[in-house]
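Given next, in structure tokens, is a single chain: the form predicted alone.
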């Protein structure tokens, strides 16, 4: 069921580089109006990789949105945004701390125009603390939250998690906060400002390591191994690597039965004690004559958590990804079909493949959106074309 729970909700997207919160809003039915700089637009349009000169990343992150251009440092641009705020439900921005306030467009000002407005703020480190004014990208946030210290082999240098984990986590948290605030606003008429930071979002997933620290145990890199369970590892096999995660004695017993092994390490404490010295070598020898799929099938039949370590190409083309409709194509109006990532949340027990509309050209919705704002300011229909031309000439749109 392709339910659109945010249908009828209007979002003003002022974010730059990191627009995933509003991408998700668009996916679930909201009208998302991307507000961009005249001439150049959001920097995400210049973000690699490129296909025929077009950012494929932009095709994904801005799918389904509308685009207007607006110079928010000009008086006319500010007034147009304020007009748009009157009919908006949500505004999302991720400028440097204090930027919107300096322009006279902070929450206090905008809430006087629309008391029910939900104002979402995405920041690097939050609005308090010694780093509140710092600007950060994903790698800097990962470095400071401990997740790098927890990633990689103990004898190697710390490692970055190989995706923009801070961007996606923070946008997911912010989206959840905004929807909860929107629910409150729809019931009471009272909007509010909500914030999520990249720093706190990544730190929030470090609970396992914090628990270990509380107990005086190793909170740094353990490689593929788990602090508490064994075998919990990535092991070589005939055609690559396989992941194995045994967390109960019952799972271990089932694993031994499935692979014809004598159950010599019946408790987790025994397995942890003997894992590096003995058990890991025995499992490596066992898996050396088996393929990833053979290991996966045996473990699945026995109810033991495991899986092949897939290449990115294998993951994209896997039957499970296809069955869950997680790789739909966006048909971009410039370069054609672009493979993208599907929606994670589904409503009901059955669902159809999603059909996403293309990412917008820069300012392609100026006539519709800004034209309506100018009409709200009293510009007559006969004067609309000339007024729009003036704003273009003045660099306002």
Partner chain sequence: MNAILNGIRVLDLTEGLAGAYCTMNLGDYGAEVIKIESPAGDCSRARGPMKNGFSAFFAGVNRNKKSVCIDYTTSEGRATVLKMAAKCDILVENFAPGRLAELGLDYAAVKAVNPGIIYASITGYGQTGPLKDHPVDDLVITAMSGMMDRTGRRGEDPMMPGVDFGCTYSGVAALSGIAMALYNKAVTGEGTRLEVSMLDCIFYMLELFVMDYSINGTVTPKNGNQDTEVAPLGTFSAKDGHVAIAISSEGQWKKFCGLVGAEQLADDPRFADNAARIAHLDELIVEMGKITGQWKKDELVTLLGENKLAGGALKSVAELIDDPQARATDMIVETTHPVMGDLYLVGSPMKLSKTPVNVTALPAPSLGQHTEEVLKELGLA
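Numbering follows the first chain given and starts at 1. Just so we're clear, the structure is a prediction, and the values are computed from it rather than from any experiment.
If you look for the form predicted in complex with its partner chain, you will not find it shown, but the lines that follow are about it.
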property: Partner-contacting position among 228, 250, 257, 276 - heavy atom within 4.5 Å of its partner chain in the predicted bound form; result: 228
property: Option touching its partner chain, based on a heavy atom within 4.5 Å in the predicted bound form, out of 303, 98, 281, 104; result: 303
property: Heavy atom of residue 313 within 4.5 Å of its partner chain in the predicted bound form; result: yes
property: Its partner chain contact in the predicted bound form: residue 339, any heavy atom under 4.5 Å; result: yes
property: Any non-hydrogen atom of residue 75 within 4.5 angstroms of its partner chain in the predicted bound form; result: no
property: Heavy atom of residue 374 within 4.5 Å of its partner chain in the predicted bound form; result: no
property: Candidate stretches 203-211, 259-267, 75-83, 283-291 - the one whose heavy atoms come within 4.5 Å of its partner chain in the predicted bound form; result: 203-211
property: Its partner chain in the predicted bound form - contacting residues of 163-184, heavy atom within 4.5 Å; result: 163, 164, 165, 168, 169, 172, 173, 176, 177, 179, 180, 181, 182, 183, 184
